[in-house]
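To begin, one chain is listed below as structure tokens, in the form predicted alone.
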Amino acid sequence: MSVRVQPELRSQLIQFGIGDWNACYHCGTCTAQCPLSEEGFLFPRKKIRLMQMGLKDELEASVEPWLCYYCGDCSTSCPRDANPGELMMSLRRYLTSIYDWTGLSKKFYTSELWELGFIIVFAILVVLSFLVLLPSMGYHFTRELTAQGGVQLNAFAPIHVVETFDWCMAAVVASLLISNILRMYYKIIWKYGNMKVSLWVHIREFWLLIFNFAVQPKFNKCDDKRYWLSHWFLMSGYTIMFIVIVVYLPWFQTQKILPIWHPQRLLGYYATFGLLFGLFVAIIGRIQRKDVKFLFSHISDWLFLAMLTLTAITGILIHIFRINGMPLATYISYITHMAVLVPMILIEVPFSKWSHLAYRPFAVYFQQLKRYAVPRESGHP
């Protein structure tokens, strides 16, 4: 297979936050220090070399950037301060845009105007839906409370309407993310290697995908176990909240004031704790900048943290105001919550940060498939 060098790759990668990789002179210290690098899948040095050589196709076929969990050991030990950990982070942004067939991921990562504009437009549409569309359908604010003294939330945000919108949004987001994952598979397993993997291997190794998504075990190989813990709480909290809101919304958005030990409230409290704990670690780390992995933050990192924080805070306020019989405060909090949540899901899940939750375990799965791959027979696709 011929190898095509593309010198324009450097200018493309710079747009995704990659700094001066020429500081790296390939001593190999980063690879030797990395607790996640292993035989057959070496990084960060190998990926930096591919970037320097302009080997775009080989980069697009790499799983290694997703196997990196940014422990920070490589950057700390680098004698040239080349910050290989941040290079891998930036490469993940680039690969996210490569998998995305719509081109929106590249727009969001390389243009603050595009991402902010998208957020503002969809936030306005959500607000208008509550202030104009729903009232035109006969749904209005009411100050009347339920028999338990709670706010009649479903009187102005009818559960069947919100649930229908939820499912439509979930279908769109899932379709985009799944199609991007298929492109990831095509580039990693199929396009750039003369290898094939049997269907049985695909089925047999699929458990790795589920296990790595649920447990995030590779994080635990990093010396700083707190990093794994905060990331796991953030991931599990958001995943539970996403499933509850999208799949079990009629159970979650209720006008009843349930006992504090009810499973619905316990799940909500855990999800809230997980989000706030993970956000606290990430935000404080970026403010203090004492740890190497928090030294450099892309604008997309801050927008993600800001939207997720607002989503968590407004969700807490909705709960407090609703059970304490404060209608106006509940409605304002709910509209604000949805105005942040909807654009965040539409941006982050298929195109940005939350898509990494899917790409990482799939990369581990594809890594295992490559271990069992065999050469294709000559003349066969």
Partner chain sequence: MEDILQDSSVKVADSLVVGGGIAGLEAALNLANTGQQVVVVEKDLSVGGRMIHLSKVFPTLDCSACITTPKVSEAARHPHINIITNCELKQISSDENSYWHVRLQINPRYVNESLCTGCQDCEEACPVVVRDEYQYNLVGRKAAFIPFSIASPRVAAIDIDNCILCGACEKACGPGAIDFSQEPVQTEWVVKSIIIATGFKLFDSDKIIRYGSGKFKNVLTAMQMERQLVPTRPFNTVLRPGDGKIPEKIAYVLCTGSRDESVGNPICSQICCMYSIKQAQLLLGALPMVDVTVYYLHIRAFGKGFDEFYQQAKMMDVNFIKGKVGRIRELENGDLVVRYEDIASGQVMEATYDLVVLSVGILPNMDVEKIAGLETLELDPFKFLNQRHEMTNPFKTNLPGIFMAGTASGPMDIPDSILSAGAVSALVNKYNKQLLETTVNSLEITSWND
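Positions refer to the first chain, counted from 1. A quick note: this is a predicted structure, and the numbers were derived from the prediction, not measured.
Here the subject shifts to the form predicted in complex with its partner chain, a form of this protein not shown in this document.
**Student:** Go through 58-66, 327-335, 343-351, 28-36 and give me the stretch that gets within 4.5 Å of its partner chain in the predicted complex, heavy atoms only.
**Tutor:** Among the candidates, contact is made by 28-36.
**Student:** Taking its partner chain as it sits in the predicted complex, is Asp73 in contact with it (heavy atom to heavy atom, 4.5 Å or less)?
**Tutor:** It does: once its partner chain is placed as it appears in the predicted complex, Asp73 has a heavy atom within 4.5 Å of it.
**Student:** Examine Glu112 and determine whether its closest non-hydrogen atom to its partner chain in the predicted complex is within 4.5 angstroms.
**Tutor:** Contact with its partner chain, no.
**Student:** In the predicted complex, does Arg92 come within 4.5 Å of its partner chain, counting heavy atoms only?
**Tutor:** Answer no; every heavy atom of Arg92 is more than 4.5 Å from its partner chain in the predicted complex.
**Student:** Evaluate Pro79 for contact with its partner chain in the predicted complex, applying a 4.5 angstroms cut-off between non-hydrogen atoms, and reply yes or no.
**Tutor:** Contact check for Pro79: yes, within 4.5 Å of its partner chain in the predicted complex.
**Student:** Using a 4.5 Å heavy atom cut-off, which residue among Ile323, Met53, Leu42, Ile316 comes into contact with its partner chain in the predicted complex?
**Tutor:** Only one listed residue qualifies here, and that residue is Leu42.
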